[in-house]
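Given next, in structure tokens, is a single chain: the form predicted on its own.
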Amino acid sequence: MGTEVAPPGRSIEVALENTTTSVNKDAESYEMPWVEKYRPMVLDDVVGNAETVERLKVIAEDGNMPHIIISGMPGIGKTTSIHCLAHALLGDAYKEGVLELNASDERGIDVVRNKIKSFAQRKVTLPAGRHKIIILDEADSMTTGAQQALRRTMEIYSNTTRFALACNMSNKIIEPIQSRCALLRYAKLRDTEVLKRLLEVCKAEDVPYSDEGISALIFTSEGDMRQAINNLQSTYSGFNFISPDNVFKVCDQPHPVVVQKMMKECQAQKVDDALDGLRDLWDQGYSAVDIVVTIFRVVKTMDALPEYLKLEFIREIGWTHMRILEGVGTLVQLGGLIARLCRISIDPKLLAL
């Protein structure tokens, strides 16, 4: 019997089907980052800073948005709030009426003169009484020359265009721009606020977790919602369960339980035991910065330490952190910190003797 040969056209169809199937599989396997998937689209969904968000809601209802600067730490919802405000003000005209420039874009004086100015001059059909919005993310990284050029543009086109600047440090924005804007400050998110959103994401994605695992996520995020959700997704992708050990493996930070034990030994003046704990962390490959930052976070939340002793510990940790950042990140430097913490814990009356 002879082998049946498929006509050329049929083989091409089969190849196309196989290609389409592989593309569909790739599309299914691609998972959007949860931080984007669960990014708030309306101001009501923004977590934390309730009073400031209320002010933005009033602006959205009124429709007359001033130039604004929102400053605060990374990952607490500054840019998200501005986008939600822009959506509330412009609705379907959002795409035509908004220009966003991020820190990744070139934002020297030429961009202000060309791109921003040409957008401000452009005629766009918007809802009655609304303005075009220019969003400058990470505005504190703009050059002084660009900021100087921007102040005049803000004045000339203020009838049709409003500026929204998001930055980490408002003192890096020049005074003339600050005086033209309403300044809104965002505080670090509280643990309860981060917890609420993490539980919402866990429920939506059906993520198994332990209460200690969620606490570990909150500990590592330090009030940064973006960091918390990214760590949640990374831990789930790697281990399929949110437990403290899995979280600290993914985040690659010294385990706070080990550091807490070390601090209790310092409080009890057991300098040799505390130094053994430090040596174990050092041998695991953690850098001096990792260790000193975790020591600070642990001491800050240690209820077992009396208030006066906690303040003394934090001061000493701060000095050591400064020396390490200046380049002296050695085991000797950390050992000196442990010795000083043990000395601080000694009763002053005993020292007098």
Partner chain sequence: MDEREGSQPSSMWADRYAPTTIADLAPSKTRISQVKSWLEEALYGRPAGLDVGVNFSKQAAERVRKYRRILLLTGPAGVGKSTSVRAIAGEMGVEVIEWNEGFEDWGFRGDVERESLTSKLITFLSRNSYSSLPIAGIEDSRPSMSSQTPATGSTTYPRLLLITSLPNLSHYPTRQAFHGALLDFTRDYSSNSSPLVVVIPDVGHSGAAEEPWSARGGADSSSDGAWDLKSVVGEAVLASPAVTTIDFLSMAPTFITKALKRVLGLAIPIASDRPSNDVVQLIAQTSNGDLRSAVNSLEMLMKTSSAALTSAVSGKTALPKKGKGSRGGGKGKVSGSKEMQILLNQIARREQSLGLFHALGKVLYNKRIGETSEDGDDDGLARAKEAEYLATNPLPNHLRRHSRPRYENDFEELLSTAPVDTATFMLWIHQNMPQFCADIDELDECLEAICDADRMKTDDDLWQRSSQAIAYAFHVAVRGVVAGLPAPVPKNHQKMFKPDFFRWIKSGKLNQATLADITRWLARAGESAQPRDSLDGMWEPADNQEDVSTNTYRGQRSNAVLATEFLPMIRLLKRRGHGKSTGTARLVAPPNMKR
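Positions refer to the first chain, counted from 1. Note that the coordinates shown come from a computational prediction; the quantities given were computed from them, not determined experimentally.
Heads up, the form predicted together with its partner chain isn't pictured, but that's what we're talking about next.
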Among the candidates 175, 252, 211, 272, the residue which, in the predicted complex, approaches its partner chain to within 4.5 Å (heavy atoms): 175
Exactly one of 215, 243, 102, 121 comes within 4.5 Å of its partner chain in the predicted complex through a heavy atom, and that residue is 121
Residue-level contact is defined here as any heavy atom of the residue lying within 4.5 Å of its partner chain in the predicted complex; does residue 204 satisfy this criterion? no
Its partner chain contact in the predicted complex: residue 141, any heavy atom under 4.5 Å: no
Heavy atom of residue 306 within 4.5 Å of its partner chain in the predicted complex: yes
Can you tell me if residue 292 lies within 4.5 angstroms of its partner chain in the predicted complex, counting non-hydrogen atoms only? yes
Out of the stretches listed (275 to 283, 235 to 243, 90 to 98, 185 to 193), which one is close to its partner chain in the predicted complex, meaning heavy atoms within 4.5 Å? 185 to 193
Non-hydrogen atom within 4.5 Å of its partner chain in the predicted complex for each of 79, 134 and 340: no
From first to last in sequence, which residues of 108 to 138 have any non-hydrogen atom within 4.5 angstroms of its partner chain in the predicted complex? 109, 113, 114, 117, 118, 121, 131
